[in-house]
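Okay, here we've got a single chain as C-alpha cells, the form predicted alone, with questions on binding and movement later.
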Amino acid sequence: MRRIAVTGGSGQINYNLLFRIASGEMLGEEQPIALHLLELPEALGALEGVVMELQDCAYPLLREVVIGSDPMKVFSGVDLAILVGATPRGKGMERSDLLKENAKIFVAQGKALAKVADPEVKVFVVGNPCNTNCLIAFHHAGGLNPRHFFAMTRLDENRAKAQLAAKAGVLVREVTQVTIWGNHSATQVPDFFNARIKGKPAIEVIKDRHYLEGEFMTTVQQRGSAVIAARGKSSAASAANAILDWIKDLYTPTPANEWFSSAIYSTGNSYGIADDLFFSFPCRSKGDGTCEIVAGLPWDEFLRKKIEKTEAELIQERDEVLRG
C-alpha cells in the first residue's frame, strides 16, 4: 500500500485532486493507497467533511485516511508527499514577504519528513513560491535524497501546449517537447524554440516570431494572474490536473523523443545553471519516481537571456531565505 501525504487538505486544489487520487487515476487502478491529510487546526472541521465525501465515494483502492494538523504525526510512514498548502500572497505583500512566511511552513515540513517519513519518500512541492519552498524543505530534511524533491512547473507546460495548439490550429496532443525553464513565476521561460508541432519545429509551423517572443511568452507567464482576475480565485482544477500529469510523468516511463518539465535540484546539471536551486528543466523518467535532465537542447540568444533572468531570480530568492 502506498501512503500519500497531501497538505492543505481542505483547500480548493485538493478538493479537485483527492478524489482523483483515490480513484486510482494517479498511481493506477491496482494500487491500494492510504491518504494522510494535513490541515491547519482551524480547518480540520472542513477537512472532516472532505473525508466523509471520500468515504461516501466507496473507492475500492482507498484503504485508510489519516488527518491532523501536526506534520510529525501525519507524515509518519508516507512514501509520497504532495505539499500543496502554503500561505497565499495577501494585499500589499511583496514576494520576499511571502517567502519569509512560507519558510516557516516548509522548514517544519522538511524536518518532519526527514524524521518520520519513509527514507525514500518522494516530495512534490506545489505551494507557491514552489521552487524556493522546495529548496527550503530540502535544506531542512537532512538525510533525504535531493533527487527525490521536485517543484511543479507542469501546469505551466500544459498552459504553453494549449496556447501553441490554439495558435497552430492543432490538437494539444500534437504539441510535444515543450519545456518550462527556471522558476514558476513571471520570469519562467516557456521554450518555443525546441518545441514540436506535429513533429516539426514549432518555429517552422508558427512563423510569427513576434507572437512567440511576445504574446505567447507573456500569456503563459501571467496565466495564473489572469485566472485570478477573471475568476476571483487562483487556479484549482487546472492545478490539480497538472499535479496528476506531473506525478504520472515520474511514475511512467517517458516515451522516446519526449520529455516533461519539472523543477529539480540543479547541482551538477549540464546547462551551467547555478548549483543549489530547484530549477525547471526538461526531464525524462524510467517510471520509478525519479528523473534525469534531457541534455543538449540548444538555446538561441533570446532564450539564453530569458533563462539567465529566471536563474538570477531563483538565486536571489535562495539567498534571501538562507540568510533569513
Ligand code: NAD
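Just so we're clear, the structure is a prediction, and the values are computed from it rather than from any experiment. Don't overthink the numbering: it's just position in the shown sequence, from 1.
This protein has a second form, the form predicted together with the named molecule, left out of what is shown; the following refers to that one.
- Every residue in the set S10, E39 and V84 has a non-hydrogen atom no more than 4.5 Å from the named molecule in the predicted bound form.
- The listed set V189, L113, C134, M152 contains one residue whose heavy atoms approach the named molecule in the predicted bound form to within 4.5 Å, identified as M152.
- Of the residues given (M217, I206, I105, L144), I105 alone sits with a heavy atom within 4.5 Å of the named molecule in the predicted bound form.
- Put simply, T176 is far from the named molecule in the predicted bound form: not one heavy atom of it is within 4.5 Å.
- At a distance threshold of 4.5 angstroms between non-hydrogen atoms, S234 is in contact with the named molecule in the predicted bound form.
- None of the heavy atoms of N183 is located within 4.5 Å of the named molecule in the predicted bound form.
- For the chain shown alone, L80 is not a contact residue for the named molecule in the predicted bound form, no non-hydrogen atom being within 4.5 angstroms.
- Shown alone, this chain has one stretch from 163 to 171, 195 to 203, 247 to 255, 105 to 113 that lies within 4.5 Å of the named molecule in the predicted bound form by heavy atoms: 105 to 113.
- Taking the named molecule as it sits in the predicted bound form, the stretch 99 to 133 comes within 4.5 angstroms of it through a non-hydrogen atom at I105, Q109, V126, G127, N128, C130.
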